[in-house]
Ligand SMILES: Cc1ncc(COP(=O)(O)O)c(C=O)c1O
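Shown below, as C-alpha cells, is a lone chain in the form predicted on its own; questions about how it binds or moves come after it.
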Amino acid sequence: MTNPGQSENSAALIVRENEAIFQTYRRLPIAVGHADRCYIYDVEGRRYLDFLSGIAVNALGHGHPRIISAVNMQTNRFMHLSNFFYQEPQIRLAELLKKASGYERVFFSNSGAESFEGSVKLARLWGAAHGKTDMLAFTGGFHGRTYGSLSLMDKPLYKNGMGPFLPNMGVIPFNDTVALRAAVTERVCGVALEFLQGEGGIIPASTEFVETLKALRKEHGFLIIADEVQAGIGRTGTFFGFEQFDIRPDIVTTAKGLGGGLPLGAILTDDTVASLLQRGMHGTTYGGNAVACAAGAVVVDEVTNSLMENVGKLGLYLRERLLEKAAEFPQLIKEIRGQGFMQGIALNSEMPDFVELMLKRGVVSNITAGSVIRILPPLIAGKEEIDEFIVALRDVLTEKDKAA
C-alpha cells in the first residue's frame, strides 16, 4: 500500500514542508521514500549510502529484521501504559544495560537532552547533601537544547537571546589541564563531558586531561558525568566511549543508538546516587516506552554479542582508508581523529559545499564544527560500504583540489 504523500515527488513534499513546519533545520534536499540497511531511497527511487545514521541513531541500520519483529510484537501487546505499571520490556532492557555497563541502576528517558537534564538534577541533589552547588563542562561539548544543557555549553547560536541561564554553571576549555585545575574548587558538585566530542569536531579527551580529572575528583569530591549520547552503545568499539580510558564516571547519559531509531534515552549510575531520587521527585510520561524498550533490547543484544567486535575491526579499516586520503590530499586534510565508527576528517579550511557534492555521488555525509567531516556509519556497515564512501570522498577531494 502506498503511504500518504508517497506518490508525490520530492519538490512537492519540500514545498509542503516549507509551508507547514518551523524552519529551524538545514534539511538535505531529499524526500525519503524508504530506507534499508545502510541505504536511504528518495521518493523517486534514488539510492544514497547513509554514513550519518540519523546522527548516530540507527545503530543497526534501517529496517533491521529483529527490531521490526520486536516492535511489531510489542505493538500488538501494548504500546504505552505510563510508568504506573511494571513492564517487562523496561525491565529486560535495564538488565541488559546493567550487564553491559556494570552500573547498578537505570532511569529511562526520551532523549539525550532529557537524560542529561536528569543528570544535572542528580548532581545538584548530591551536591546539596555535601554543601556543593557548582557544575562545570567544556568548550565544544554538546549536551542538548534544554536549559540545563545550554547552561553547560558554549554554543552562541543555540543560546543568543534565550538567557538568563542556570546559575553556578561554568564552561572551561576542553583538554586544558591548567584551566581544569583552576576551575575545580570545593564548591563543585559535578563535571560533565563527552570523552569523544561529537558535534564539537570528533575531538577525544587527552589521557593527561582524564587523569587530571580523576585526580581532582579524588582530591575535591565531585561527580563525573559522562555524556555518551553519541559515542555510546558500541560506536567507538567499546560499549561506552569513556571505556577507551582508565576511568569510571559516576553518572552516564545515553540515547541516540540505544533505541535503534525510536526515541529512547537512559541515565546509568550506582545505587548511592540513584537513591537520591525518591518516589515522585523525577519522572517522565513517555520515558521507557514499551515499544522503544523492545527495540532497545535488540540493539543492546546485537551490539554486545557481535557488533562491537565488528566496529573494532572495521573501525581500524575505516581509519586506514581515511589516513590514505589524508596522505593523498595533505593540502586539504589536517588530521584524522576519532574511534571505531565515529571518525572525523579535520579539514584545513571550511568546505561548505562538501555535503552537496557527496549527495551528487549518492552518499549522505555531514560537516560539523565548521570544517570537520563527521563519519557515523551504521554499526552493521562492512568493507563494501566503507569502500563506497571512500570512492565518493576521493572523488570530491580530487574535484576540490583541482579547483583550488
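Keep in mind it's a predicted model, so treat the numbers as computed, not measured. Residue positions are given as counts along the sequence shown, with the first one as 1.
The protein also exists as the form predicted together with this ligand; that form is not presented, and the subsequent description refers to it.
Peer 1: In terms of non-hydrogen atoms within 4.5 angstroms, which of the given stretches 224-232, 97-105, 119-127, 268-276 touches this ligand in the predicted complex?
Peer 2: Stretch 224-232 is the one.
Peer 1: Mark Ser111 yes when one of its heavy atoms lies within 4.5 Å of a heavy atom of this ligand in the predicted complex, and no otherwise.
Peer 2: Looking in the predicted complex, residue contacts with this ligand include Ser111, since a heavy atom lies within 4.5 Å.
Peer 1: Do Glu243 and this ligand come within 4.5 Å of each other in the predicted complex, heavy atoms counted?
Peer 2: No, Glu243 stays farther than 4.5 Å from this ligand in the predicted complex.
Peer 1: Does Gly148 reach this ligand in the predicted complex if we count a contact as any heavy atom within 4.5 Å?
Peer 2: Close contact is absent here: in the predicted complex, Gly148 is far from this ligand, nothing within 4.5 Å, heavy atoms only.
Peer 1: Might Glu302 be said to contact this ligand in the predicted complex, defining contact as any heavy atom within 4.5 Å?
Peer 2: Output for Glu302 is no: heavy atoms all beyond 4.5 Å of this ligand.
Peer 1: Among Gly261, Gly315, Gly144, Pro89, which has any heavy atom within 4.5 Å of this ligand in the predicted complex?
Peer 2: The residue in contact is Gly144.
Peer 1: Within 4.5 Å of this ligand in the predicted complex - does that hold for a heavy atom of every one of Arg321, Glu385 and Asp395?
Peer 2: Judged in the predicted complex, none of Arg321, Glu385 and Asp395 sits within 4.5 Å of this ligand.
Peer 1: Since the partner is left out here, which residues of 72-91 would have a heavy atom within 4.5 Å of this ligand in the predicted complex?
Peer 2: Contacts from 72-91: none.
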